[in-house]
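One chain follows as structure tokens, the form predicted alone.
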């Protein structure tokens, strides 16, 4: 599918993966509506070689979401692609006190789950009304699709740094809420994919491992060791895979958790056999 002339919304586009996604989409001629909490999001308007509109705000704020989605539709006349990328990381423990737990919940669930939910809910009616299909890509984590969950989705590879399969799933005891916010995206993935397939709208999920980004660098207090940094995947490589997946078009994969973890090649692998949904439930309409 030729992507030129289509319009995409990319959340969390100021830095890291979001910026790489925006740049890759711009390179193939996609019009861009970008948003972020950070001031740098406005720089994209002049830096990207494609028509671009930028908004600054919080994806957990329904008013901001409405402003971005309505603004993108009014400015470009259509919306074809939603890249639900905005996300944050924060340490949380089961033994944290209630005050910290509430703050963590508002931040992590608000951004990683509520933000993706709100943008999807705002964009989906537009995609349906347009009657020419569409694409939704949610950004999740490899914590939920490694060789431990279930092991079939990640066969043991000689390049895997974790040793023998299965690798333990999840981020450990320091990330209970982060992992919960990302695991919950499966509810949106499978529910949306089944509901939207008759409208020719695909919903897929990129499950990101250690990729060089502002979020990952913050995990290391912005001082990663040279060895650690050398092991990371590149955001630009993942953005290339995003374009390849979007170019599959309406009859491409659907309802897929696509795994990008350290040790696996950053490439678009063949679709996996559906485990959590039946294939006919996510078969797209041939009319779209």
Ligand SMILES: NC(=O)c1ccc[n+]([C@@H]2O[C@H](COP(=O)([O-])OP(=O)(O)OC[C@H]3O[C@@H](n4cnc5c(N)ncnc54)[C@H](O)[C@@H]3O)[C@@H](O)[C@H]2O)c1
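Numbering follows the first chain given and starts at 1. Note that the coordinates shown come from a computational prediction; the quantities given were computed from them, not determined experimentally.
From this point on, the text means the form predicted together with the named molecule, which you will not see here.
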Within 4.5 Å, heavy atoms only, one stretch in 187-195, 126-134, 82-90, 68-76 touches the named molecule in the model of the complex. Which?
82-90
Might residue 24 be said to contact the named molecule in the model of the complex, defining contact as any heavy atom within 4.5 Å?
no
Heavy atom of residue 34 within 4.5 Å of the named molecule in the model of the complex:
no
Answer with yes or no whether residue 101 is in contact with the named molecule in the model of the complex, where contact means some heavy atom within 4.5 Å.
no
Quick one: does residue 209 come within 4.5 Å of the named molecule in the model of the complex, counting heavy atoms only?
yes
Applying a 4.5 angstroms cut-off on non-hydrogen atoms, the residues of 35-72 near the named molecule in the model of the complex are 36, 37, 38, 57, 58, 59
